[in-house]
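Below you will find one chain, with nothing else, as structure tokens; this is the form predicted on its own, and questions on how it binds or moves follow later.
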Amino acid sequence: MSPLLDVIAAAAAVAGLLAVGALALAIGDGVAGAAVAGRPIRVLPLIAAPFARAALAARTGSTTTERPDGAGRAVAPALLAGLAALAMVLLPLAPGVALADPDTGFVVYSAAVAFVMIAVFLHGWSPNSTLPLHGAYRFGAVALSFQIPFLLAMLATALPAQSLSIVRIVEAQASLWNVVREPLGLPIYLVVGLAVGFWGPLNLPDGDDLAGGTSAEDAGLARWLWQVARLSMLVAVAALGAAAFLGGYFGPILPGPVWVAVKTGLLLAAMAAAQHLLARVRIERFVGVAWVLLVPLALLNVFVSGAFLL
């Protein structure tokens, strides 16, 4: 197979994984909402709902504001989805099966998470409107608060592997998963994951109190594309979390890719439940908790991981 065909096949594989994961999260969100509200769970309507929303978005006209940054509005969802794809490229699906295995995979993933701030800020800046810009600045404050806990939580997973490669991090969990070695790591990571995907209790840049925040001026296909990009980022966060903390493809009987899907689905289910079980927090409260509580806990988690290594 030629290098060009290899690249196309890899891109198709990543796009397929993200599409399936985003669809599963959308359906899971509907199931969680019905369960919390006490409504009967009807499988077929819940499965059809994401497709119906996509069809409605395609038929709905777009909106515009005075002197918007058209290029920015187009680039923002593409950048967010691209960052999700970059993270998924690093995911090992089975022993020796990974689209990319750079020695600095941890650094690449960290950079993808950091650049989410640029995508969200661009999405809020480009409409040239007050509420979207307010949402953009909100995410800037949130991102500066969760970056250090995220880096420390991921760094603790690299210590047993003595490597920054995501593949090596998974291989180091052959006998013991990192969630056992460092029990604080996964809860911290999930909190950060909700913030990265601005989902559930940490949906601050697109909050209802801002009439949709960075999406306040979006409608139709543009709004749908932004939501798909956000779901894709959440899928990437869950998949890399399963690799870093839950042993990735390790598990009995079932093939490695199945275990990756199951573990990713468990983390996505937790995120879907958080959307309906937890109230949205105030931004100043989250910033305070991130600096005062999450950073010390993440440092403690690094020390615990180091003690296991010794």
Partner chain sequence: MTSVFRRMAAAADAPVFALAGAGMRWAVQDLRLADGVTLVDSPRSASILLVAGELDPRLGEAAARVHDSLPHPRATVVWASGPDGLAGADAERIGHDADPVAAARAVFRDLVLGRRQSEPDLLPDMDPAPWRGVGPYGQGGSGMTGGTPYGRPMAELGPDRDGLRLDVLPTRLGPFFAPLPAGLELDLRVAGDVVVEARVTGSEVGTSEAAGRSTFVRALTQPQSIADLELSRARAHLRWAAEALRLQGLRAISLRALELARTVAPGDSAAVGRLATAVQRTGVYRWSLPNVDDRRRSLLADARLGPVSRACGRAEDERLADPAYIALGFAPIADVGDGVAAVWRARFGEASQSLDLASRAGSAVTTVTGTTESPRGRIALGDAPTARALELVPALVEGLEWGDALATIAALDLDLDELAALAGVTAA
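Numbering follows the first chain given and starts at 1. Treat the numbers as computed from the prediction; the structure is a model and nothing was measured.
Omitted from view is the form predicted in complex with its partner chain, to which the following refers.
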query: Stretch in contact in the model of the complex with its partner chain, which is absent here, among 250 to 258, 33 to 41, 263 to 271, 237 to 245 (heavy atoms within 4.5 Å); finding: 33 to 41
query: Any non-hydrogen atom of T104 within 4.5 angstroms of its partner chain in the model of the complex; finding: no
query: In the model of the complex, G61 touching its partner chain (heavy atom, 4.5 Å); finding: yes
query: Partner contact for A161 in the model of the complex: its partner chain, 4.5 angstroms, heavy atom; finding: no
query: 4.5 angstroms heavy atom contact with its partner chain in the model of the complex for I27; finding: no
query: Residues within 4.5 Å of its partner chain in the model of the complex, restricted to 127 to 160 and counted by heavy atom; finding: T130, L131, L133, H134, Y137, R138
